[in-house]
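Just the one chain here, the form predicted alone, laid out as structure tokens.
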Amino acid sequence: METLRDAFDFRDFSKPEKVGFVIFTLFLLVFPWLGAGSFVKAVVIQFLLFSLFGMGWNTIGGYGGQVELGKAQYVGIGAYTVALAMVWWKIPFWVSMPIGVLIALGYSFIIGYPLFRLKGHYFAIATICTSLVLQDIFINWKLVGAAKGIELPIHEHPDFLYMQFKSDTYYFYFIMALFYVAIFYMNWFRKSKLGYQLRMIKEDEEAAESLGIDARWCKIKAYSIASAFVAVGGGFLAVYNLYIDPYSVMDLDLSIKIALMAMLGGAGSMWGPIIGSAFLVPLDRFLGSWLGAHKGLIGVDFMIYSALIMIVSAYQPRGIWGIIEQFRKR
């Protein structure tokens, strides 16, 4: 009961935060009925998905202070578990997704134990290597479709067991529900014992260990929580796209995007990953589709994208949320 009370306790939020949260929630509830086109709906769904990824990454990267750049491997584990369970055994989404999360948790503990012997840039490089190795295995593994990927079997729409719908509205409300579960969980997490321990480890690991905190075990737990978050998102990606391959769900670019959105928005803050996703996802999709359609401008969107990230990071290392707090204090 105390855990639930902490999750739904927003008393420490400022009045503007509470008002903004309510307005944003009302907007999301009515958004599918505002007449937006399919492309705009897809962008908002992607924003909610990357917010979920970013909030997961924030547990280890923001509160724990570890530069983790291999989260795409857990997106892949979640996506492939759902897809293969449907193709091989016709297992419904509501059974296969939790199985994918459990596999991701087990795998994260197995590789997390040796990974957290490393620190700093060695740890970051090691997370990239583990993700690339797993991607290469799946690219060459014929049993799981290799580089060709997997197409999910089509069921008669609507099918709630297998999460297949003609309209994006159903997918929108489902990812929105996951998004709010993640927000309430993060509201509890930041006030939990583990949350405080991670912040102390981030500030001074030696001092934290001198107080009896097992820094390595705390990091492994946070890493596993982050892995579970992105595995859930990976399972959603499988049923949303009805097709997956190692390049779409395990690519290094995906890992970097997840980390960048959280860091740009404000790593270690409640709203940072959401703000970062709200900023970068529309920019990526709209700018990419506009500039990509003009001859000679292909790739310019990535240059603009990178320049904006560098400008914000140079001005305020705490990201966009840090800039908002600066203005609010003034």
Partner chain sequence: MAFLEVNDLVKDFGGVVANNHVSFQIDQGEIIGLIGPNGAGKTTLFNCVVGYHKPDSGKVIFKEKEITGFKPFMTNREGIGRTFQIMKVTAGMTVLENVMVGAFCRTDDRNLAKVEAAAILGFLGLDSLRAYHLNELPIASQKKVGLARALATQPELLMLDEVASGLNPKETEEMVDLLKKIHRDKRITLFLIEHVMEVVMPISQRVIVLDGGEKIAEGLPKEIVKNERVIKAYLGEKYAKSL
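Everything numeric here is computed off the predicted structure, so don't read it as measured data. Numbering follows the first chain given and starts at 1.
Beyond the structure shown, there is the form predicted together with its partner chain, which is absent from this document and is the topic of what follows.
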{"property": "Any non-hydrogen atom of D6 within 4.5 angstroms of its partner chain in the predicted complex", "result": "yes"}
{"property": "Any non-hydrogen atom of L211 within 4.5 angstroms of its partner chain in the predicted complex", "result": "yes"}
{"property": "is_contact(Y196, its partner chain) in the predicted complex, heavy atom dist at most 4.5 Å", "result": "yes"}
{"property": "L161, heavy atom within 4.5 angstroms of its partner chain in the predicted complex", "result": "no"}
{"property": "Residue stretch of 175-183, 98-106, 80-88, 197-205 approaching its partner chain in the predicted complex, non-hydrogen atom distance within 4.5 Å", "result": "197-205"}
